[in-house]
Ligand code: F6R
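The data below hold one chain only, encoded as structure tokens and taken in the form predicted on its own.
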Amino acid sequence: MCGIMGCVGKCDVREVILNGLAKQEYRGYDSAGVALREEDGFRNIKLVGRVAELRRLVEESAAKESTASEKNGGRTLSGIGHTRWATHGGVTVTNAHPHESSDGQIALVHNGIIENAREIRARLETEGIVFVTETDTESPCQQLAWLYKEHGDALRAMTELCNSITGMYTLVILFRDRPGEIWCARRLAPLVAAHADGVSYCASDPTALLEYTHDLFFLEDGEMAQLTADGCRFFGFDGKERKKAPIRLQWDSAMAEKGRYEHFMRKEIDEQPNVTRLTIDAHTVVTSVGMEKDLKLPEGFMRGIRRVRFIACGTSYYAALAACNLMESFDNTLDVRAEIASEYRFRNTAEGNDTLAVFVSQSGETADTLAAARLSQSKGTRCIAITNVRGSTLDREIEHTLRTLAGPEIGVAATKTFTAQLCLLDLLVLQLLKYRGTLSAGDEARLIGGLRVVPAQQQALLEREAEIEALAEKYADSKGFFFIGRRESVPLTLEGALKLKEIAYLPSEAYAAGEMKHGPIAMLDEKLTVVALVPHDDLREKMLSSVQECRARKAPIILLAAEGDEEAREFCNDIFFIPKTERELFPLVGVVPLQLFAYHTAKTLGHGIDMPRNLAKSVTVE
């Protein structure tokens, strides 16, 4: 979950490292640090705090020092940097990365968890090695120094290290006596490398490298790399060299910049109409779904399928729930379920070639989703992946992949990637139903026609932001929130509640409205606000009955109702109208005001919106 940046070659290494860390700060922001290999050795600068503060310290250090390298133009030969999301050990300067070995030979940064760190530490301590941190990271750092001292060969030491540690990790390493090299290793945690114009780079996230090149090497599990000014070499954990071709990522580096916006989250909310439009245009032809070009399924792929599982974590799981609702609306011959990946991977499920599993992950690196996908594939399950990142582990490991067209998302709280997943999953479900013959031509034309107007409806909602901002300011002092809905609205209640938790830190829960009487209603009073989603569908009257029950307990009610439903005003304290859309497509429209409500509530309360406390963008550890 931490952010890593490395650079070696003919450039301003310090500036590249600091810029790369700033672009990845959403991955972790407890502490930050850099280790710079200069002509007289390592300069290791770290602190508890943000990258902006680290930059100030680095610049102050550079101004004070008068090394030979600086006299010759300030050339740093190589460097590595890190933004930490703490797992093992408290948030202290000592525990911050980079770590150095006790002999000063190794500087190392790490993303992931070393499961046998205690055993390594205990053994090395009996050899007289002194450990100074509480982290699991120090164990591979000290172990590598021990191995390198024994062998004097970096590749052999790296190979032995990677075969002696267990867990999931990315390691990026400087050797003191190899100033023009960076060594990397990957096991289950993401790392991308690149080379351009006499400089080699590595990072946890491809967005950190886009301003230098779009041709990227995504390291595989069990793979190492040696980076120099001349290029990148790759090796297996057996020490044998591997040939590797770069993958071209078609993202514009400007997409990872805030531009005129105060927060990335707000920018990414605004980008949703275009993301939705791109997705629809890519996978439809007039009033028909047409995914055959991008989803090359073998003939008869859907024949014999009896079970469909949509598997994901967090926000992606809520998109999976919406897909599950859509599929079962049109095909009652299938056992269709949405599953939480972190639970699914540990259950004794009946899987095989009669099961289709769809794995959804924004980053394509979500540890639990990857583990669930590997389990399913080992059982012969037919699998499809949906991810936002070309070249990610999920994209590479599953044969049939659809990529969302959201572009890089920097805000920790997902917005445009959720919308992109919703839209792409809708289209995938329609395509699969069409293959099975359970989607009529009339319903296909109705839903594709409905999708085509969604971007304009999303844009219209964004233009009414002031109404949502006023509601957020009015209710920001609530002691908590309940979000309620039915059927298509239930995934949105979960997402609306999650967004408030993530960035406003307010207690917020989501319920299927019919469940309120089974316990949650006991919580209601005049300080607990209910946000009710009431589209104009066949369940409208039942929703309004649930709203009346809440109002009778004196709870303030915010109603998100269908445009033109003036009668609904009498059931609430405040109302916000949402454009009418096809019933099955309501989540694509209804999500926008919920995102804006969370954003403006957090802003009213003065919270750090793009980097909420205790969270990281990609959950790459279990």
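Note that residue numbering begins at 1 and tracks the sequence as displayed. The structure presented is a predicted model; accordingly, all values stated were derived computationally and were not measured.
This next part talks about the form predicted in complex with the named molecule, which is not shown.
A heavy atom within 4.5 Å of the named molecule in the predicted bound form is found for one listed residue only; from 529, 137, 78, 421, this is 421. Proximity to the named molecule in the predicted bound form, taken as a non-hydrogen atom within 4.5 angstroms, holds for one residue of 315, 457, 170, 355, which is 315. Residue contact check for residue 502: one or more of its heavy atoms lie within 4.5 Å of the named molecule in the predicted bound form. In the predicted bound form, the named molecule lies within 4.5 Å of some heavy atom of residue 363. At least one heavy atom of residue 413 is located within 4.5 Å of the named molecule in the predicted bound form.
Under a 4.5 angstroms non-hydrogen atom cutoff, the named molecule in the predicted bound form has residue 498 among its neighbouring residues. The stretch that touches the named molecule in the predicted bound form, counting heavy atoms within 4.5 Å, is 307-315, out of 530-538, 187-195, 200-208, 307-315.
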